[in-house]
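A single chain, nothing else alongside it, follows as structure tokens in the form predicted alone.
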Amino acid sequence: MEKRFFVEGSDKIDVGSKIILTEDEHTHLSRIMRLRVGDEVECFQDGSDVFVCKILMETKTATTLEVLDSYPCLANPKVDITLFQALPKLDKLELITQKLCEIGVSRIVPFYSKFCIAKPNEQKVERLKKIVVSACKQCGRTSLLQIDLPKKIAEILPMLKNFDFVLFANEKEDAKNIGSALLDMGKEIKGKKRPSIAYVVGSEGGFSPEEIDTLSKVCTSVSFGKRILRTETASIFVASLLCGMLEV
């Protein structure tokens, strides 16, 4: 549904509740969508049901809605998939964020490695969070894709040990391809109620030999074949395979 709006905050919303939209969401509703009093829209919080609402009042700075009904969101991911993405240029990270949210990934952890061209910038995370909200509206999920603050590669190594299965997109790998790795993954997570999967993708500059060696010791190193993919292509490609296989 195009007329869908995100509600900030964690206050519980029920049928009969009043919702007030301000700032970006109010502007989108009143000036871009040009919706008026009496029109019905949908609203959601992070991970909530979908709320069917009616517009009660509009001012220059806010829109007041009443919740008429609610229904469960069936588009939220049923498997936790996390991308550990070595920092690419921002426009590429924006594309990755948008597409992975639509596909069904739960979290992106940006990190910087030796050959990263982009520099870590915590302020840019706020831009990515706005892209997440927009992507959730478009694809129908209510659980927001989480964007972590940029980390150092040394900080992500202990994090990788907390997942049921971890893939490492390694352009130097020649023994194990992505297909056989996914078959192994299926065996390892079989029977788990909500498995957690992670995968690691390098930036435009790739990884140093030392980083490849370190990651290969804590991840399942895989090849995508003879063609070398761009970083944004690799991130979206693996997400598509995982979500398709796991029916996310």
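Numbers for residues come from their place in the sequence shown, where the first is 1. None of the values given here were measured: they were computed from a predicted structure.
Absent from the display: the form predicted together with a further copy of the same chain. The rest refers to it.
Stretch-level contact check against a further copy of the same chain in the predicted complex with heavy atoms at 4.5 Å: of 160-168, 82-90, 145-153, 97-105, the positive one is 97-105. a further copy of the same chain in the predicted complex is approached by L74, whose closest heavy atom lies within 4.5 angstroms of it. In the predicted complex, a further copy of the same chain lies farther than 4.5 Å from every heavy atom of I32. Contact check for N121: every heavy atom lies farther than 4.5 Å from a further copy of the same chain in the predicted complex.
Within this chain, S134 lines the site of a further copy of the same chain in the predicted complex, having a heavy atom no more than 4.5 Å away. Residue in contact with a further copy of the same chain in the predicted complex (any heavy atom within 4.5 Å), chosen from V37, L68, L183, A62: L183. Interface residues of 228-242, taken as those with a heavy atom within 4.5 Å of a further copy of the same chain in the predicted complex (partner not displayed): I228, L229, R230, E232, T233, I236, F237, S240, L241, in sequence order.
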